[in-house]
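Below are two forms of the same protein chain, given as structure tokens: structure 1, then structure 2.
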Structure 1
Amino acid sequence: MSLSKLLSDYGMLIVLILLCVFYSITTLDEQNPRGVDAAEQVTQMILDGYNTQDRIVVVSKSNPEHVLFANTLLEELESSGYQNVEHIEGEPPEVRSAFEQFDSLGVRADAVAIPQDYSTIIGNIKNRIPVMSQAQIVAPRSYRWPTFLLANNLRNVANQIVVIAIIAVGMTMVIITAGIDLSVGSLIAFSAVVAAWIIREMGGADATLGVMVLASVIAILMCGLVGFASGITITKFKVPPFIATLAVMLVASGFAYIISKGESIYEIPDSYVWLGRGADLFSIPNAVVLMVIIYVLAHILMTRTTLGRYIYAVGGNPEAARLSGIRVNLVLLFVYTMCGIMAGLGGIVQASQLKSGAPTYGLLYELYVIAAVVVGGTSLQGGEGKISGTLIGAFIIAVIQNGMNLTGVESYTQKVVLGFVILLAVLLDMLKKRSWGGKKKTVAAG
């Protein structure tokens, strides 16, 4: 395989890998396990160094991270057969008081299990209490590892890009047909507001699962109808896609404000966050699982079906596609409708993540979506692009944003960097087109 072919087919994937390597190196740091990870490490240390008859004292504060550590550790030790386990929760004065009570009763501890950020303070208190002074502090050990590659950070990267990536599926189809859809950001807000409004009117915080599903489906279908209307405007009235979808963007945003009366809608059941915040499959966020399923189906559609070939044909040369019997207008109606549906689904995911619906959602998302598609290798001139490339493009943007956050780059600079990334992707696409055009002309002349 030639270098040019390799870069053409896998260039963006190579860029994504290099970005991950770069941010892995630049975020290499001392890591302190917290929560469940810390508890699991301490559990193993106790299992290796203490028997089930030893007295273990678990010390923690009352903040959520310490509570998670303590609860997990207590459960693990109990399931491992440790009977003499006590838990002290509180600030240093309360811990000191508990230790002094041990001293007055002559109760000796063999180990004090504690989160790392609390170990120094409690260690000093322990050393001043005679009966506790011989107890060993058991705290998580720090280790060097890239912050970027921490499991929680990687899950956050995937979870944060979900809405953009889902909408980018529909946008990829639109751009392959040499179109554009600027309304997707407003449709996110429209979908979230419509779903939240229906849920509020049909039970609010006490709404049933059926109501939540119905509200979400209605919101997605309404966004599909908006996309269909954009398609009609473009195909029947020959309005340029940029103008048609710009108008729809304003209309959808306006309706979102009218329905919500300019305010966020919070009267939603707690269970509505299942899609946006849940993680039922190997701790992978449910929204990420949904995104993967959508990309698999979209990839099959674009590479294994007649409709997929029609979409590429319309983008490559609409007149030639029409003369070959392809119903160009129907293809365009499909892609704009699908783009609306994906935007509606993105709005539902965001409403689930934030447990509310607001007319301010989706601000500038259309730019990030288009950026993901372009960076992923889809040509703005139409006829070329891959669904898998769009997913890679979405992750490139997410990795750059996340990496800059981790390395302390200010938000204004981040916008400059992302702007240059998008511009570079477009310039590379233009250069590739010119290069191929030159080769074709040379062959024809020969």
Structure 2
Amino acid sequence: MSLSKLLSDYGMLIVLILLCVFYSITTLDEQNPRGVDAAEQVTQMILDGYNTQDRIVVVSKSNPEHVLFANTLLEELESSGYQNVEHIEGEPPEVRSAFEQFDSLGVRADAVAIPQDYSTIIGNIKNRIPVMSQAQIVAPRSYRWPTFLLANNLRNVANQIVVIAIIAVGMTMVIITAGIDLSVGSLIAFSAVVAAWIIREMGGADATLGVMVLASVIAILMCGLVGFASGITITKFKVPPFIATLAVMLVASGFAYIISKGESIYEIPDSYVWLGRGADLFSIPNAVVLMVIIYVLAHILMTRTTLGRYIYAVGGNPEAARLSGIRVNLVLLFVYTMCGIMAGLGGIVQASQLKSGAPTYGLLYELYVIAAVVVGGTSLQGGEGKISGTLIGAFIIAVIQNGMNLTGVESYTQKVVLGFVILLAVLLDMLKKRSWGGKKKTVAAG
């Protein structure tokens, strides 16, 4: 009994964990130590194998990780008394010409110290230059670890789902009221384009922080207004949500194309990527922190407040809710406005990640958002669902996509698998209700 309760409450969480385990096993691969770790390992190898008079050539590219490697290694070698150390920094052609210069001067090297991911290329080049061919490559040893579980990749997974996960909060509320909002994908584009356009008109690449914040807030509020308008159409004119938001989807997308003239707007200051690419708190991406805050607030709203209970009540049985004194229309207006605001925020995150606004953003995202909500266990018939479930649903989608990218599954197959997972989630939900739903409403309610 307790096991079945566990499965019914945490079924999708278990699926998520199984997915993570699955991809951890299938992406087990050789990993290269990086930065300081790599430098320390190489230092040890040089200390063990070479004396202080030997000529050591340190080779690196100019990207931050390689620079960190090279600088640490150079310092360590110097403090250990190595006097014949030289550093070559650059792309393969530059390294090659440096080696060729050694050749013409007739100076040989004893060791080439290098980060693992550059060793094959430099090894190839070295072997073709006579004076260098005697030199040994000294690179850190690789170790076996799942690519999926690399810190960088876990950050990737979270970062890649942020936009969809944020919007899914609003969508969860809408779906709990037995509605739907198809306009969120277009609102991503609309919000991104509006914000980018305002920034371009008010200073472009030299715009101030104030302008960027203002532009983003205006874009989000405009999306909230669009959501409010959808809500009015649905409550006052009794247009079914599917139709009302379908119309808004086309209008918002059209405006995004009109404002941007069909092109991406990219005249934006570099600092605009703070939200999408920055990572200030324990190297957790800022957008992920924002997402967590939103989920916590939404969870409190849905579980601890009167408004939250009203939202469930409206979805469960609107007539009963009305008779018990709930102002159903106000609740509906709230959820559609909220969904618009969340879509606007999603658009800002997207614009920040890509440092530009384009009308092509958010294509078909409404479907991914709805999928996240449904996989998370929210019923399309309304009245049921959890914010935490939606987060799990979003992560299931993110892990599958990321895992398939890592294992090299082509895009077509990805779609098929994703489709099956959504179907499976719904089936699981149905079975759950059939097995334990005796006391509650049955499946046929919808």
Partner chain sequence: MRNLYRLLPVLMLALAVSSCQTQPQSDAVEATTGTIGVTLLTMTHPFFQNLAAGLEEAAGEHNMAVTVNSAEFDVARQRNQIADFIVQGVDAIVMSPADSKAIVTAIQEANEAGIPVFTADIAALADGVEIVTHIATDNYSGGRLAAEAVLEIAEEAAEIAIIDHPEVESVIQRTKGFHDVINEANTNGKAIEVVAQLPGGGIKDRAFRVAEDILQAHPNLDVIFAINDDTALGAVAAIEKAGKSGTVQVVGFDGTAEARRAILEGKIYADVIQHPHQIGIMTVESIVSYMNGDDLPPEQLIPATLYRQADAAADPILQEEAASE
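All residue numbers here refer to structure 1's sequence, counted from 1. Rigid core: the largest C-alpha set superposing within 1.5 Å between the two forms. Just so it is clear, the structure is predicted and the values come from calculations on it, not from any experiment.
The form predicted in complex with the partner chain appears here as structure 2. Superposition of the larger rigid part on its C-alpha atoms leaves the smaller part rotated by 35 degrees between the two structures. The shift recorded for the CA atom of residue 73 between the two structures is 4.7 Å, with superposition on the rigid core.
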